[in-house]
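Next comes just one chain, in structure tokens: the form predicted on its own.
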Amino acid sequence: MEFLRRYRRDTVGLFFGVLLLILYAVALTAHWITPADPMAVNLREVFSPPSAKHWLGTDQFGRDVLSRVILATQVTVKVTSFACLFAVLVGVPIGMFVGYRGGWVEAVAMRLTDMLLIFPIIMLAIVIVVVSGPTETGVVIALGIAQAPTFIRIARGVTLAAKEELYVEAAIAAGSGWPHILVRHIWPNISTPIIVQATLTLPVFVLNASALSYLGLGVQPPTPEWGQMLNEAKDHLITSPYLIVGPALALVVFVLSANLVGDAVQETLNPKLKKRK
């Protein structure tokens, strides 16, 4: 593919792309690669320092921290990926529809979107998760709805430009209805900026999911999540500072990888940035 050929030229993007794939592979195989049971409580090994048996030590319940970081990778990847998909599936169709139809429908939809964009994403997510409940599903819905307005605006903007093209006018002249035009003619020509935005937004989902868990509004114990593990580790920074290393490093690597991959995808797919390759 032309995309892969151009993407491979970006050494940094390629390196972090492989790193991101490794994190997703860890998430998919978490239950098989954990060195110990991440849920098993062992009060005889409470706050054991890093060793050959427990590479990242154990927590206040004697649970293996490395195993919990690996399982938390699965939880975080699942929640953030589904939240991103939820935001795209909700925001893009609405944006395309109002952008194509125009009129009072567009005016009402965009005013509501502007109202949602006034609030910080994390604040809006907190309100939604309090209503829906602090579960994996609740976090997915909260983060998805909080980010959906961004996709609505982008989809509307590119649809406004695409509907003026000759191929759309030809489809209208041929008697095609608006659902057919949106799916067969407009979507294939506006998918690039949507893909780029979804890639660039993934780190935001990760940070917000961890923030919700850190505040106790995300995935609930005993299921591990990076933000939740950081919240637990902060109470033992003096006596057991090693507890913070695993979840903090995993969070930094994921966010950094997703950010740099998003930048690389944007430069690869954006025709205006081809000369950089």
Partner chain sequence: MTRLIIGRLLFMVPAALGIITFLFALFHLIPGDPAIMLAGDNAPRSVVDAIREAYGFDQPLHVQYGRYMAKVLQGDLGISNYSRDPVVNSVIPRIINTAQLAFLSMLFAMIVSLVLGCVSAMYWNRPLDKVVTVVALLGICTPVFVSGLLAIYFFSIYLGWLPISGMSSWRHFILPVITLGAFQAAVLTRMVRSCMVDALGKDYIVTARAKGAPEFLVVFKHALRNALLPIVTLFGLGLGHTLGGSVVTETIFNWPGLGRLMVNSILTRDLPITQGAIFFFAMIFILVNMIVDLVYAWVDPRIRYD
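On a predicted model such as this, the values are computed, not experimentally measured, just so you know. Residue numbers count along the first chain shown, from 1.
Although it is not shown, the form predicted together with the partner chain is what the next lines describe.
Visitor: At 4.5 Å by heavy atoms, is each residue in Val130, Lys234 and Ala248 next to the partner chain in the predicted complex?
Guide: Yes, the whole trio is in contact, each within 4.5 Å by some heavy atom.
Visitor: Where, among 64 to 72, 25 to 33, 50 to 58, 222 to 230, do residues come within 4.5 Å of the partner chain in the predicted complex by heavy atom distance?
Guide: Comparing against the partner chain in the predicted complex, the contact stretch is 222 to 230.
Visitor: Here the chain is shown alone; which of Ile195, Met123, Val105, Leu85 has a heavy atom within 4.5 Å of the partner chain in the predicted complex?
Guide: That would be Met123.
Visitor: Would Leu19 show up as a contact with the partner chain in the predicted complex if we use heavy atoms at 4.5 Å?
Guide: Flag for Leu19 set to no.
Visitor: Should Trp178 be classed as touching the partner chain in the predicted complex when contacts are defined as heavy atoms within 4.5 Å?
Guide: Output for Trp178 is no: heavy atoms all beyond 4.5 Å of the partner chain.
Visitor: Please check if Leu207 has a heavy atom lying within 4.5 Å of any heavy atom of the partner chain in the predicted complex.
Guide: So Leu207 counts as contacting the partner chain.
Visitor: Is Asp263 close enough to touch the partner chain in the predicted complex, meaning at least one heavy atom pair within 4.5 Å?
Guide: Asp263: yes, in contact with the partner chain in the predicted complex.
Visitor: Out of 232 to 256, which residues reach within 4.5 Å of the partner chain in the predicted complex, heavy atoms considered?
Guide: Those in contact are Lys234, Leu237, Ile238, Pro241, Ile244, Ala248, Leu251, Val252, Val255, Leu256.
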